[in-house]
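Below, in structure tokens: the form predicted alone, a single chain.
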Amino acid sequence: MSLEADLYQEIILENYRSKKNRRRIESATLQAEGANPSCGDDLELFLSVHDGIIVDAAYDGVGCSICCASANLLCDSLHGRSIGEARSILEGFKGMLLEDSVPEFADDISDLEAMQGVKHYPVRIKCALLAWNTLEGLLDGVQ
């Protein structure tokens, strides 16, 4: 395995183990549930939005390591971002996995690039995208 692949694997495992964003936000402005029945992943995404800025993001539920790592990375990437910035990050992430786009994430969220290796395992792409598809549904309801 290459050094880059080792680093990406470590980032994914670190995010899978992280409990920082794995919690419920009782006063969330937006929340939605997403499920991937083929893998057994089931999560709920929570956003607190104030004046168009995401001030908190969290998820709760059960899922495989790819699903939970991706959800944790998603939450980290949204803190302090506007709804428009969240949409842009979402498009970049989905493009990276579904269209072989080269990601251009800001330095503070460059760990998202660790998930690009998932595209080599087509059956796991749904796992990596569950939280992101759930976010997309939430953002589609925001004007």
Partner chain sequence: MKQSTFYSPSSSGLDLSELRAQFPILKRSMRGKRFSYLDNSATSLKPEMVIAAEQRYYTELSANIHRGVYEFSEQATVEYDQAREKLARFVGAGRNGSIIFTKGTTESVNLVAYGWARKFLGPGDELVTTEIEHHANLVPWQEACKATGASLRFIPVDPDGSLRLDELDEVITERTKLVAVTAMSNVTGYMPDLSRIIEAAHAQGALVLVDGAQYVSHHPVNVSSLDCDFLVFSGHKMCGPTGVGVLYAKNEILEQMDPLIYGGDMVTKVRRDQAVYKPLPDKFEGGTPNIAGVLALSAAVDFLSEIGMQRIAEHEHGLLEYMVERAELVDDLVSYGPTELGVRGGIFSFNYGDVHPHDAGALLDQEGVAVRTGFHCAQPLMRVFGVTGTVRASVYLYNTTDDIDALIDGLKRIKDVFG
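This one's a predicted model, so the numbers in the text were calculated from it and none came from an experiment. Numbering follows the first chain given and starts at 1.
What follows is about the form predicted in complex with the partner chain, which we do not show.
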{"item": "Non-hydrogen atom within 4.5 Å of the partner chain in the predicted bound form for each of L13, V62 and R124", "value": "yes"}
{"item": "In the predicted bound form, segment of 96-104, 40-48, 109-117, 83-91 with a heavy atom within 4.5 Å of the partner chain", "value": "40-48"}
{"item": "Contact label in the predicted bound form: R23 to the partner chain, heavy atom within 4.5 Å", "value": "no"}
{"item": "The partner chain in the predicted bound form - contacting residues of 67-90, heavy atom within 4.5 Å", "value": "none"}
